[in-house]
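In structure tokens, one chain follows: the form predicted alone.
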Amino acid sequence: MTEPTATVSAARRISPIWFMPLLVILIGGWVTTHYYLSQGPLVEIAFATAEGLEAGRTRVRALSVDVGVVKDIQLTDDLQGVNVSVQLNPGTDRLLHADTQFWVVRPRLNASGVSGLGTLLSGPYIELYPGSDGKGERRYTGLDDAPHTPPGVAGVRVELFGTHASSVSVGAPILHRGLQVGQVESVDLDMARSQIRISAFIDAPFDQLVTEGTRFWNASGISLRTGAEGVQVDAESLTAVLSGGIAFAVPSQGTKGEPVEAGSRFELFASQQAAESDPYRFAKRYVLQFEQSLRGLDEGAPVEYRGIRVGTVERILREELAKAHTSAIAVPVVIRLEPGRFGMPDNAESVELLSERIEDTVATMGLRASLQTGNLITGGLFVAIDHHPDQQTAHIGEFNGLSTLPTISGGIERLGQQLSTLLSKLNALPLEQTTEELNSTLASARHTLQSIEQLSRSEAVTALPEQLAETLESARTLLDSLGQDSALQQEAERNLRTLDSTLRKANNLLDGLQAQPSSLLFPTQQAPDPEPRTPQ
């Protein structure tokens, strides 16, 4: 019997050669990881055109320092632009924020100056302006031109609206007393308002000069004015003359107000003269409905309160006449009352306060508007506002969304009405009866005068002065006889003394009768004479 035998074989081992691929993979992964970790961020920038840009050559710079290179350029899917891939250097992540801006620097020659001459030899490059707000992104939209106001610059940005841009263009200076304090950032058309919209930036600290009472006007070109002093030529600066510009200031008759916030809107006037003529920004608009002729009333005519200008006639709503269905419709006129002309601050709060006061005054003090003649030669009219307590109670109404102010007839129209009323009253008087009574009275007076004349010519009246003289002479003689040393005076004094003695006696008699009434019939008992006695 055969005994089993055990066969011992050596264990299978992995050949060291197989560690080589693994080592290569590990080394390759480490190299790849190190490569990508050593690369800077890759961002994509959308531009309108790739003019002058080349992949691998065009540099990216920030403050003239190379921070990357253009890696690839591709057309967009809609063929409306290009996408430029930019490889930034390591450590540039801190330059990327939500408000980071990119634009292509090329040679430029425009009205505001010459820029980018250094790229004539080196070629265009992409400028990176580091932002400071928000988290960095990997896709940005590049600017067509360099921003006139980099992000983070202190100042205030306002919007100007006007009817004509004239020669104002992007980059035009914003001037204050001839000194540039800002620049125009954009000029476009506001389709909703059908007006020119200009975005302007005023640098700090000059932004504090832009207040609620500030007026902006077009300072482009040269302004010629003629007057009693001759021809006057006005120009802000050579730059404004050549490339256009905008100036601002607070009108001499206006109020300064508080500094404005960013995004505030202002009207752009055509000239400084136009801005000075409308120095107030805030106003309350009312509609006046006149049932009389408006001949002589023009848009821009003053609105006065007791001779003080408080507003302006803004518009005559002629189109409302075409909508009228009756011939007796009043002609609506829009006026604007400006709180600044009342000495109030030129702001929205003053408008509300003025509205409340006018509404109260209309109801309690009869505030009314009327047309008055401002010039008898030209027939020019203006609107006068005053109190008429004799008018019936009225209130503020509404017309096409605007408040209405009650009106009364005024000027020649009111004078005609008053004259007509006077003539009506004269016609109602009984003139014929009054005339007859007056004639009768005059005849009676004439007869009385004739009687007086006849009486004055009679002998009795003629002798009256002589008789009067004799009477006066007799009175004078009588007065002389009543003098202090005259006999009549002495006789009167003796009589008075006798009368006084008689009255004394009569008084004693009356006293005795009162003490003893029987003494008148019986003899009066005499009291014994007192006898002296010795004391006991």
Partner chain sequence: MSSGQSARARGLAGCHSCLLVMSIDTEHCPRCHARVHSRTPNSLQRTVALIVVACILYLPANLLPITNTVYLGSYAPSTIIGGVITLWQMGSYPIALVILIASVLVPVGKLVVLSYLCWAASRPQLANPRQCARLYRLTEFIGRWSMIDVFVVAILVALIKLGNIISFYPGFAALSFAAVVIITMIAAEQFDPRLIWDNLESNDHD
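Positions refer to the first chain, counted from 1. None of these values were measured; they are calculated from a predicted model.
Missing here is the form predicted in complex with the partner chain; even so, the following discussion is about that form.
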Checklist entry - Quick one: in the predicted bound form, does every one of 15, 24 and 56 get a heavy atom within 4.5 Å of the partner chain? => result yes
Checklist entry - Would residue 20 sit within 4.5 Å of the partner chain in the predicted bound form, counting heavy atoms only? => result yes
Checklist entry - So which of 501-509, 40-48, 466-474, 56-64 is the stretch with heavy atoms within 4.5 Å of the partner chain in the predicted bound form? => result 56-64
Item to check | Sequence-ordered list of residues in 164-187 near the partner chain in the predicted bound form, where near means a heavy atom within 4.5 Å | outcome: none
